[in-house]
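Next up is one chain by itself, shown in structure tokens, the form predicted alone.
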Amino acid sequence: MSSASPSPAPTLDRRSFLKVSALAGGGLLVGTYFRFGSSTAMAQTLPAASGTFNPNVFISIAPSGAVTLIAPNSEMGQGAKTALPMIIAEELDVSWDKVTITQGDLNPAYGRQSAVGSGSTPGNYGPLRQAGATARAMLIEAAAQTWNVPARDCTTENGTVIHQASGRRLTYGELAAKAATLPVPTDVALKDPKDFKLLGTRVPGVDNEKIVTGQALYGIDQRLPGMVYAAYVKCPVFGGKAGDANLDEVKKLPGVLDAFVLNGITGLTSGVAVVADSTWHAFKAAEKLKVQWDQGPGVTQSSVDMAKQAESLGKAAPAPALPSGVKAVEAAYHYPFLAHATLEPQNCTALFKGGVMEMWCPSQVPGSGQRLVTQGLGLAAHDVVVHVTRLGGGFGRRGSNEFSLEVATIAKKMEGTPVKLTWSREHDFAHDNYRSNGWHFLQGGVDGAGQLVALHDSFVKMTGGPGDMAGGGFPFNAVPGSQVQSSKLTGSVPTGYWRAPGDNGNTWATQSFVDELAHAAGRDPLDFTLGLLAAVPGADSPGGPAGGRGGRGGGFAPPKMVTVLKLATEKAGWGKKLPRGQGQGLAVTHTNNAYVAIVADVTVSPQGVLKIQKLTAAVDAGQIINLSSAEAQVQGAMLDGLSAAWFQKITIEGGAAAQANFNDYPVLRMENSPPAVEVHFIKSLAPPTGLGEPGLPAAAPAVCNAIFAATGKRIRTLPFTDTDLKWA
């Protein structure tokens, strides 16, 4: 594997501060205060309770020597709850077995609390290193003063300060109280990443034992004394409103405590609430509801009509005429709406008492839920207390927090009684914020030398979603004069962020089309893609921003993409001669500032049965924090992408989702999973990039391109199951 050049050490800008104070019991507390900027680093000492700045993270060192990190970001399986304390332990030079982490509740003192865009670890990497290094420097100074020796003669090891000349030692716990009285150093040395001992190793998740033993971690696990259970029923047609309902009849059903219609509350979708003594009774009673729905204009929407509109819009934005003698290559790619289908359905628990709304919420953006509640119910922010639980899957779905307002509205009506709202699986499918459908009407021009000289994408998607986020990156930045023209369908289907927003669909279409262009040019897809990368402005630069958007999270560095592409194809044995029915395909993506190349090996029987034999991924995601978690994230993202591309779609009929559960929205199962999934990381000392999402976008096009190599058949509509793969 190759190595990248080390990046400059992270610093805090002039609006970023360290807060140090003594803990009750004689410990040391270090808090990092930061806002994004590029000014010179600065630190200053603050009174323990000044409240002047908003810390985003805290480290505490107890007299016992134990180090605790309060995590501001939600944990939903990507491993942030383990990665963040690993960063602290590394820079602080403390044994991993002495570090614990607790989940922070929603609190303005912690700064921006969101787990989106694969940003938890990259966003905290610099501040946590700085805080750890500052605490370590203060502990060394406390020891030096105790021994009356120069601080430069002291070093640290496993939570202990050592005076090298005399061999004297003091633990961090023994030094914590004295260190808390010292001024904060304004300039501390961070470890050279080449000296890291913990980062890049394999560390088990801190919650693993609790998960496998079934301890209550998730929102759906919450139990409070005297708690009641709620279901909330909304119109199946998007945008519909509730009218009269058979409430008196429903209230007589077993276990039902109350039932009522909710209308006219800011931010709350109209519906009917059922409150019962168990979730089961609430669900069963909800099935008996008979509501007079005002379906509204949304009832006329259908996927069939959307496709017709998309074709018209695509034709209305035609590609420019090609130069004389240039071969035109045209194709239309379509992907459907997708549900998030999190394993844990949407849920939230709330208690309204004494004017305060207390909530237990599995949310990626808990502040969003708090805002919905304050605006909808007229409460002050300080009167809405949000406890953040572990999430049973997010993928962007739990950035939307409508379930928070739903349960809060019910809890306010049931004042003094805790209420737990759970969505049924059918409700979860019917009222998702779906990944938008999309159409790419693509045209490329290939000259007589097999070079791509023109590229155009007429892109159509549903209004209101983020599906067009990544338009204009690679390969468009490799072709002068290329264009992406976007048009939008109108309608009431709710759309939102879905894992690797924008890239998840756009990369499939564009990377599949790159393979089409390569074959039209009579060139090997690897050679063709390397040629495109060489044509991107700045391709001869070692890694600075270049050409166009290049993916979310920063500029596009062609050399990094070349490196991962060459590594993936080398490890996969690219170019071997294969019999018909077997094929290899490749695809690349730049997502959340990570560079990913994937090679897929597949077989397709003459009867059209697809088997993915192997996926080989190469990834440049900067410094890897936890190798075990990093591998799992890339593997899981690839399989998630294949699950969606192979089997899943949401279609709209009569203004409502036609799919209601996993029986008609299947997920990837063991018999379809590739028996071999390899992940190779580029060794890098650069700060970490996002990693929870970048493994997803290139998996589907790599498989589609391999299917073409095996059968000569192109998949231009997702899911795969919509294409007959039989060949003779």
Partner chain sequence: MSNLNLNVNGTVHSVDVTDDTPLLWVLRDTLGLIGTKYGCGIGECGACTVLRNGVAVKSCRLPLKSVGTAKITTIEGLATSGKLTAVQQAWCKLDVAQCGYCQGGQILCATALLTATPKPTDQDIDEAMSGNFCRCATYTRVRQAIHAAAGSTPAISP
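In this text the structure is predicted, and so the values were computed from the model without any measurement. Numbering follows the first chain given and starts at 1.
Although it is not shown, the form predicted together with the partner chain is what the next lines describe.
Quiz prompt | Joint contact, 205, 223 and 667 to the partner chain in the predicted complex, by non-hydrogen atom at 4.5 Å | solution = Yes.
Have a look at 174-182, 422-430, 513-521, 441-449 and name the one stretch with heavy atoms inside 4.5 Å of the partner chain in the predicted complex. Answer to the contact question: 422-430.
Could you spot which one of 300, 309, 278, 100 gets a heavy atom to within 4.5 Å of the partner chain in the predicted complex? Answer to the contact question: 278.
Just one of 367, 345, 239, 193 has a heavy atom within 4.5 Å of the partner chain in the predicted complex. Which one? Flagged contact: 345.
Exercise. With the partner left out of view, is residue 586 within 4.5 angstroms of the partner chain in the predicted complex by any non-hydrogen atom?
Worked result: Answer no; every heavy atom of residue 586 is more than 4.5 Å from the partner chain in the predicted complex.
Going by a heavy atom distance of 4.5 Å, is residue 66 a contact of the partner chain in the predicted complex? Output for residue 66 is no: heavy atoms all beyond 4.5 Å of the partner chain.
Q | Distance check, residue 167 to the partner chain in the predicted complex, heavy atom within 4.5 Å | A | Residue-level check for residue 167: no, no contact with the partner chain.
ask   = Would residue 146 show up as a contact with the partner chain in the predicted complex if we use heavy atoms at 4.5 Å?
value = Taking the distances in the predicted complex, the answer for residue 146 is no, it never comes within 4.5 Å of the partner chain.
Using a 4.5 Å heavy atom cutoff, which residues in 654-677 contact the partner chain in the predicted complex? It's fine if the answer is none.
Residues within 4.5 Å: 661, 662, 663, 667, 668, 669, 670, 671, 673, 677.
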